[in-house]
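What follows is one chain in structure tokens, specifically the form predicted on its own.
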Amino acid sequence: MAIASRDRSRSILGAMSQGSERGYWYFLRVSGVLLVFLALGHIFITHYANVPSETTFDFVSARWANPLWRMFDWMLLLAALWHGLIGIRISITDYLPGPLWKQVAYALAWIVGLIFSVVGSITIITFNEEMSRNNSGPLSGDLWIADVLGALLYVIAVGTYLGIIALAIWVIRDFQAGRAPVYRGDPGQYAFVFHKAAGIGILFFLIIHIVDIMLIGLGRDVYDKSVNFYGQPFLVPMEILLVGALLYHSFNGLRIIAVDFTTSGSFRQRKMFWVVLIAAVVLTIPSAIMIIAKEIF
């Protein structure tokens, strides 16, 4: 009971913050609810109904022929990018030492947000299907750009796999020593760590995705080559992990909102954590089967 009360108190502090901090607190929750529909809708199209390597020029141009799909993707771009960057801002506040470093990091986050908001918006709004289909964009033939993006995906994949291996070793050693793995506290701490890790991973992938989708109007051949990387067997586990991370982050976000805005949420947060975790794992399985069947076999 005492733990639930403290959780509730910490939650209320965010809503009671003044000025911009209060605005950030509410934005994360409002945009989070919106992204449950936008992001999960997008991931269903690209990772359940299709697989990432199938989202070629023909696939995207057919969707963007309908202005409603352009609006959907534009809203997803802005909501996901700024939701992620404001989430990163909270991590900067929590973990970066010294006011100077914090201010530099805040400024970089704003610069990244503005640049990628403009780049992504221009890509969606000004896309010219006829010019792009003729492969007459200014970057046509510059296939090295796709190779660079592919290399970045490999770097992220290696970092992700090594991180998972290191965490597994840590947990196994703690179990062997008779200690609680990683944390000794409430399951809410695990939910907190998983939520941040998933959010950071999703944001990095989103930024790369904004760059590669930009290529669709600048060089059709470059874009299609960059999409082909998603079918590489080494990257398939990361694609599956991305689906799981997005599902967990979305469901846990709803759990956080329930804790924030309902009286019973604080008292049920442990049970909700296990429901969120199990639901994310179970719902990832159909996508994993689809991706493995099409990308590897």
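This one's a predicted model, so the numbers in the text were calculated from it and none came from an experiment. Sequential numbering from 1, following the sequence displayed.
The protein also exists as the form predicted together with ligand HEM; that form is not presented, and the subsequent description refers to it.
Proximity to ligand HEM in the model of the complex, defined as a heavy atom within 4.5 Å, singles out one entry of V112, I200, V119, L167, which is I200. Though the partner is left out of this view, V211 does not reach within 4.5 Å of ligand HEM in the model of the complex, counting heavy atoms only. Residue contact check for H195: one or more of its heavy atoms lie within 4.5 Å of ligand HEM in the model of the complex. Contact check for G84: a heavy atom falls within 4.5 Å of ligand HEM in the model of the complex. Within this chain, S266 is remote from the site of ligand HEM in the model of the complex, having no heavy atom within 4.5 Å. Screening 250 to 258, 59 to 67, 225 to 233, 268 to 276 for residues having heavy atoms within 4.5 Å of ligand HEM in the model of the complex returns a single hit, 250 to 258.
In the model of the complex, the residues of 73 to 91 lying within 4.5 Å of ligand HEM by at least one heavy atom are, in order, A80, H83, G84, G87, I88, I90, S91.
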